[in-house]
Ligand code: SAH
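The data below hold one chain only, encoded as structure tokens and taken in the form predicted on its own.
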Amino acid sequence: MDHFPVFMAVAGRRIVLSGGGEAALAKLRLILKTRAHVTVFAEKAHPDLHRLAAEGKLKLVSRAMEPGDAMCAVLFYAANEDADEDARVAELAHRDGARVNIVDNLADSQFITPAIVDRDPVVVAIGTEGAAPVLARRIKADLEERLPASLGLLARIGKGFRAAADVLPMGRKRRDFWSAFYFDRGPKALETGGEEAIRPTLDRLLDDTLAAKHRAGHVDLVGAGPGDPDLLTLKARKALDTADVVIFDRLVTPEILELARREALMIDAGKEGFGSSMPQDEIDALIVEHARSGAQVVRLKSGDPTVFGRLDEEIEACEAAGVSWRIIPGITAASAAVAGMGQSLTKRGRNSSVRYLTGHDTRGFADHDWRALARPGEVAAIYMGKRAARFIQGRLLMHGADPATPVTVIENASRADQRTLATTLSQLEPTLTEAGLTGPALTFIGLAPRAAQAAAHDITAQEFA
């Protein structure tokens, strides 16, 4: 991010613009939404500028800008549609101490003006740092459709009620009050009784909230999916949006953590196989401690919490402490990884079952029914199998598995840096070691990527032709 988004106080302060054409008018459409004192310098001014000046919305000076004209201005816009003149007036504004924007000149501008969705006092600013204005316009159009015009009215009335609402304690109770107003009681009051019904509704809601019992804490055991934030479920996103505390594992991506409330307490549980991590009993204690204090806790696990997530231990800790809980499933890594291969986990005539295995458990490398896994046509998805690869390879070969059995390893499934390794059982090691994988990886026994499978089929057909 090269431009840090802020909302600057401009009410009662000067904004100066140099230019009298269409570019100047385009900027003024936004600037005149503020309560700033606007001055425009233009030797030749568009008729609309004269009209705006006559209406008292701006001061129009019918000459080119001179030294000192931008004194005390908080912002300055160069919109002359002439590169040399824009450079000249920008230099004058710099000397006068104003922040300078040159229209269509990102490199020489000190700030940029975003696309704006205006539901005053609710304002949404959309910027692309000059990379894709058409994308900003599309996002603006989408938000304009989604945000009702009444939102600004509710926000203005709510703003005037904030002092009265300060009797509520900071935290969840106050958030619940405002959430109920903006998303339930306020819109209903406006629809049924008009603007006059909103203030009485706020008064009643405040009384109801003050009289309400303390809300008990709760735990959501949430699946974060394999890493792509677009694969996060809607229910998971809602849980993150209301969480007071988020306890997350190492494999949860930063993009998903960004979806949590800014005010939420973020706790890194750092679970890592064969590595340093927070002990499970300590995680259990943290979950219970925060829930007992009245917090809405999200225990955020990569993939699906019901698959190798030690979910039962955390549920048992909640139940022993009398804390309510629910499971919000996520897309497990095997589903995302096999989709990246262009394959399905089961296929008529090939396999009617699939096994989800772990490469290690609490005692070390995990043992399985190797004889059954070694049969032709078997498909298995092995989680946490990187360090156990040589062990798995050896066990399968010892129990009669075909050395040519296809094996596919997917690193960082669903993420931008996803990597696919296609090999065979006999070459699983050293293939993994040579690849130097650093991210989470899933190993598929009995499956090849669709393209590799098709190429192998073509070669076999040629040999028998």
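Just so it is clear, the structure is predicted and the values come from calculations on it, not from any experiment. A residue's number is simply how far along the shown sequence it sits, counting from 1.
What comes next is about the form predicted in complex with this ligand, which does not appear here.
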Can you check whether residue 27 is within 4.5 Å of this ligand in the predicted bound form, heavy atom basis?
no
Given that the partner is absent here, does residue 86 sit within 4.5 Å of this ligand in the predicted bound form, heavy atoms only?
no
Do residue 308 and this ligand come within 4.5 Å of each other in the predicted bound form, heavy atoms counted?
yes
Quick one: does residue 314 come within 4.5 Å of this ligand in the predicted bound form, counting heavy atoms only?
no
Give a yes or no on whether each residue among 302, 333 and 442 has a heavy atom within 4.5 Å of this ligand in the predicted bound form.
yes
Partner absent here, but in the predicted bound form, which of 404 to 412, 62 to 70, 39 to 47, 427 to 435 has residues with a heavy atom within 4.5 Å of this ligand?
404 to 412
Looking at 269, 155, 206, 251, which has any heavy atom no more than 4.5 Å from this ligand in the predicted bound form?
251
In the predicted bound form, the residue from 341, 384, 116, 374 that sits within 4.5 Å of this ligand by heavy atoms:
384
